[in-house]
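Encoded as structure tokens, the following chain is the form predicted alone, with no partner shown.
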Amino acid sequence: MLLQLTQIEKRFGGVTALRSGNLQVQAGEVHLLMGENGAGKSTLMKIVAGLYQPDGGSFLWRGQPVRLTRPADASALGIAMVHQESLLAPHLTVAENIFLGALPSRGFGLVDRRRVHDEAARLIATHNFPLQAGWRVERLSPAGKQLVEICRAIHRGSSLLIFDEPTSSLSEAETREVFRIVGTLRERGAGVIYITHRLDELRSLGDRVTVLRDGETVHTAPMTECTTESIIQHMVGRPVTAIYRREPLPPGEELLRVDRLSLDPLLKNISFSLRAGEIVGLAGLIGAGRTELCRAIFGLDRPTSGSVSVAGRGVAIRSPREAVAAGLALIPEDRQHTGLATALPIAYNITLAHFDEVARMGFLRRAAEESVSRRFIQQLRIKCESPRQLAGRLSGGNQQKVAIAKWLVKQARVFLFDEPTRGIDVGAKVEVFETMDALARAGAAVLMVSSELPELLQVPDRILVMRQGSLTGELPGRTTQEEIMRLAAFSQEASA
């Protein structure tokens, strides 16, 4: 037995994150770890990786009790973790991040930079990842950063690797390569703990599964003895007959029109409209230009040509400030870095876009800020200790709700959701879908970018499909995955 955790406890102030965490991982095993956001999965794994110290329970490594006080202690044992949210050094190169903490020396304290670059380049080429050893990490997409995290972990040849949602922002080809890497690790006798919310990944990977709920281990079994439905039931504590199915509304007035919008060389003559009461999906493979389109509409990037109209009026959106003034809201894919101020309280984040409502003569009124934030905490069922809790201490699903609450306070009319369910659990996904539906029923228009084809079949009224910076077609909401992929991957067929 590589790892044995028994009755692990962890508290943060007055909040109990873990009350009974139990997990056993054998050498040569891929062990799936599942549970809703806030169930304690990441907390338990950060204890294994030496980032947190437990407040109680037993931690055995190869049958011997250990206490890890820092990540270096875990690394010395042969434990590595691929984090969902990047912990890389953004100002360093891809190669330097892969070797971070173990940079080879040429003597006299000098780093052998040629060796760092060449070995990193060989590792990247071996796995056919779309990276360059000399690229700076700060310029990478979330998917690129995730690949660097994976390279860093496998480079160290660890005997236990923890993957925390490694494919949440990866393309299908990159995901297949991660699966291949996991299989190789299993074959050479390493143990793998794999956290995922993607139910379709379960049988492709796992030997056993452990489910956490509300800080406790509630189920462990071989994958051969589990059904998808039973795992979901253990996760949420109740039978689940269907994930989500939205009833469409008759569309109202046109709230957003994009006409021949281009952003060289990323976007080419994009035209579409959104109407009140609609949820419109935006599909496409990684690199199709979906995020770039949202950024251009919201004023983060300046289009080279084209126009945007809001509620029938042409608007020149040259900055996010002007987009907000026009009634637009953007919930970005990378919520930790661009959607929230994670080092500040929930209350501050919720009222951030509408400071005037909670300030008087330029001075913040704490009572008003707290009153507004409590209203939306209750409305969106955000699980937190208080409005003063730091946003960075919330689970991924609750962070997403805070990012949405910010725009509900502002009373925006057009919402751009970029991968709104990335890295959140089944229960939180449903709550996000319900929030989007409530926005539409209140008269807003919603654009929903998603890489999850089942979501695109369940939620939107219609679906726009992009490929290589262009719109290749439009489909009804109750279409098929095959039709979406045909337009996303084969533009010639789509235009025939």
Partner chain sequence: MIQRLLPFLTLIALFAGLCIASPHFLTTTNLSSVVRQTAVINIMALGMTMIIIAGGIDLSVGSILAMGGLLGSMAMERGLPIIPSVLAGVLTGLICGFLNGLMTTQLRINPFIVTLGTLGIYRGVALMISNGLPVHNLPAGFSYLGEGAIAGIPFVWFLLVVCAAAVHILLEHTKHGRFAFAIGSNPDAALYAGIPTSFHTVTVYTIGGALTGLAGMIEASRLMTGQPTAGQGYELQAIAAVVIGGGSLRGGEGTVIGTLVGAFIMGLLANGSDLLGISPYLQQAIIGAVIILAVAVDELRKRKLG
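Positions refer to the first chain, counted from 1. It should be emphasised that the depicted structure is a prediction, and the values quoted were computed from it without experimental measurement.
Note that the form predicted in complex with the partner chain isn't included here; everything after this is about it.
- Contact annotation for the candidate site: Gln336, Leu340 and Phe355 all lie close to the partner chain in the predicted complex (heavy atom within 4.5 Å).
- Of the residues Leu140, Val324, Ala311, Leu285, just one reaches the partner chain in the predicted complex with a heavy atom at 4.5 Å or closer; this is Val324.
- Though the partner chain is absent from this view, in the predicted complex it lies within 4.5 Å of a heavy atom of just one residue from Ala221, Ala72, Val111, Leu364, which is Leu364.
- Of the candidate stretches 269 to 277, 324 to 332, 148 to 156, 229 to 237, only 324 to 332 contains residues with a heavy atom within 4.5 Å of the partner chain in the predicted complex.
- In the predicted complex, none of the heavy atoms of Phe376 sits within 4.5 Å of a heavy atom of the partner chain.
- Put simply, Phe415 is far from the partner chain in the predicted complex: not one heavy atom of it is within 4.5 Å.
- In the predicted complex, at least one heavy atom of Pro320 sits within 4.5 Å of a heavy atom of the partner chain.
- The partner chain in the predicted complex comes within 4.5 Å of a heavy atom belonging to Trp407.
- Scanning 1 to 36 for heavy atoms within 4.5 Å of the partner chain in the predicted complex gives Phe12, Gly13 in sequence order.
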